[in-house]
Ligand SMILES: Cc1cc2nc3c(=O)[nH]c(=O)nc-3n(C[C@H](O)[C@H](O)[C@H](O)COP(=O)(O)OP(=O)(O)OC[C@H]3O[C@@H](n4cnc5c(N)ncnc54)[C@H](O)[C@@H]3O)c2cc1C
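Take a look at this one chain, the form predicted alone, written out in structure tokens.
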């Protein structure tokens, strides 16, 4: 596969927040549409598998690597337009790091996604997985998403399609973009005017809470499992009296971390992978873990939770090559 921006045999562990993953046969980082069109044409001609990499969080790549092309989107275009009544329209390239974008908007006195500060990843990846924190999900501020469907792509019908909020199929840690082959290129958000000092204080408080409750001192991919809806439990055995129930987006859920903790698994490890003592829904790479170690730990946790509570834990993490 010949292209001056495509690299061969690149180690992916340095691009993932859990610091595991094998070698990509081909790898490219793209910050403009022309290069993206060129690369997608090549992959279609050569029949290559394609994987789009955002900030490298919420992903576990097999130690055997990826036998295709990994595209890392670096698009950091940013356009801010003031609307009526103190609101703003924000067009942000999918490659923006969440924290960096939040800081930039804070400097512009714009409140939008600061509730997500401290969560690793890019704005594109956050939209793909409808990133959220209980009372807030990114869908709440998404206006449009500009996306390329590469299965329908060719040089004659190239199109960046605009999806409005209703067309994105947002759900709990879900969107239509998780269920189709695509490249999210740009995101259109709605923010509102707010004093930058208020936003800064909110960000500080959010980060202070995260540092106390989440294992930032070790590589990890963020939350491992989705919370479980209360309705999935057998009501004859488990109910609101003997479960920890939270209300998220008006849905009663039981936190996955609480379920794992109740199984006595905090601190349990397989080789270099461990269930965090700080937060049981985080798996940390504390000692040169392999992706297989983490995968085996995930499987063990699911088995133990099913055995005790009779419910299946669903992954937030995307598995590549397993």
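Numbering follows the first chain given and starts at 1. Quick caveat, the model's predicted, so the values are computed rather than measured.
There is another form of this protein, the form predicted together with the ligand, and it is not shown here; the text below is about that form.
J.: Is there a non-hydrogen atom of residue 194 within 4.5 angstroms of a non-hydrogen atom of the ligand in the predicted bound form?
T.: Outside the cut-off, so no.
J.: Does residue 133 make contact with the ligand in the predicted bound form, using a 4.5 Å heavy atom cut-off?
T.: Yes - in the predicted bound form, heavy atoms of residue 133 and the ligand come within 4.5 Å of each other.
J.: Taking heavy atoms and a 4.5 Å cut-off, does residue 70 contact the ligand in the predicted bound form?
T.: No.
J.: So in the predicted bound form, is the ligand close enough to residue 183 to count as touching (4.5 Å, heavy atoms)?
T.: The answer is yes: residue 183 has a heavy atom within 4.5 Å of the ligand.
J.: In terms of non-hydrogen atoms within 4.5 angstroms, which of the given stretches 123-131, 247-255, 106-114, 76-84 touches the ligand in the predicted bound form?
T.: Looking at the partner contacts, the answer comes out as 123-131.
J.: Which listed residue (233, 221, 170, 225) meets the criterion of a heavy atom within 4.5 Å of the ligand in the predicted bound form?
T.: That would be 221.
J.: Going by the ligand in the predicted bound form, which residues of 33-63 come within 4.5 Å of it through any heavy atom?
T.: Counting only heavy atoms within 4.5 Å of the ligand in the predicted bound form, the contacting residues of 33-63 are 51, 52, 53, 54, 55, 56, 57, 58, 59.
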